[in-house]
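Taking the form predicted alone, here's one chain by itself in structure tokens.
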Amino acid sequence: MRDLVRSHMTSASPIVIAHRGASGYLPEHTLAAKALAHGMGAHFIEQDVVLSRDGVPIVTHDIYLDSTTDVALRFPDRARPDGRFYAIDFDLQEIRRLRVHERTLVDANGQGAAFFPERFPAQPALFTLPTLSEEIALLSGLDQSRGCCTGLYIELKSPNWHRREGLDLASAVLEVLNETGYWNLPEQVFLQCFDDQTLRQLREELRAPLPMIQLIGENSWDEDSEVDYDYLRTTEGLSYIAGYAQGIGPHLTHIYLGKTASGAARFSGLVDSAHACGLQVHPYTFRRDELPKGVDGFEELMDIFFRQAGIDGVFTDFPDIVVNYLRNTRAAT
């Protein structure tokens, strides 16, 4: 019998979302990182999606390619005036020639140091960029061979920027979900975006029957959206979100505010306010090598958010650690 993932809309148990795959161990958004996350028992695996020049949804975090691939070496004359190499300027066959490496801080020559030096070596670049269809085929195949059911957690990256470039990211993603049979699997797919109008388009115009997550950042981040994230964190803003989405994805610092003089964790009240509006809360990003100020270890971080804040799920680069923590927590109760 298939060991189906719990219904994320009704379960009291938090879900573990593999942030860009098991990206704490292998380069982000590679099929290897996704297979590892699947084997580690992540409930959902994240796909950040952008479009190639020929309109194919590919899985990579940024609209440009130079931070995680060797594009500057293979196509040195294809940068835009800002010095970046944008995925939308390459067709799929060109993108297939690229090799993916651990995220780096890129210098003017396309080289750079690893963003997380203790993770997988930045060189050699051993991996390739998958299309959304290819990644879904991998995860679906692993579901069959492992007798389980792992969810997709798809982010539409910079949809307004894509629109200005002449491509409709939302429609392209939904077409892939329809072709792969995931269109009608609302317990196995989340759609997330920083742009509220794109989520409303998915819900109201494109009639997507899938749960939506409103990502919440900082207004200073320039997330290609006119939304006021400060407003979205208010009671009125959360009520607005509840009109088209089923949850929010805030940064973890929107929930945890540090500690009091006595060492107690301080919280914003965002989780309780979101729950009062019927919204789930899935904060990002839990990293054992990038802890919030005042948190001494990864287990303490999990204690703060799961035991005290009462979140419904979490994005993490280290899904195995969080899965084991939740399993041990349940066993102890």
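In this text, residue numbers run from 1 along the sequence as written. Every value quoted in this text rests on a predicted model; they were computed, and no experiment measured them.
Another form exists, predicted in complex with a small molecule; not displayed. Remarks below refer to it.
Among 143, 155, 102, 224, the residue placing a heavy atom within 4.5 Å of the small molecule in the model of the complex is 155. Of the residues given (191, 215, 71, 129), 215 alone sits with a heavy atom within 4.5 Å of the small molecule in the model of the complex. Across the options 44-52, 63-71, 263-271, 293-301, residues that bring heavy atoms within 4.5 Å of the small molecule in the model of the complex belong to 44-52. Using a 4.5 angstroms limit between non-hydrogen atoms, residue 325 is distant from the small molecule in the model of the complex. For the chain shown alone, residue 305 is not a contact residue for the small molecule in the model of the complex, no non-hydrogen atom being within 4.5 angstroms.
Not displayed here, the small molecule is kept clear of residue 318 by more than 4.5 Å at the level of heavy atoms in the model of the complex.
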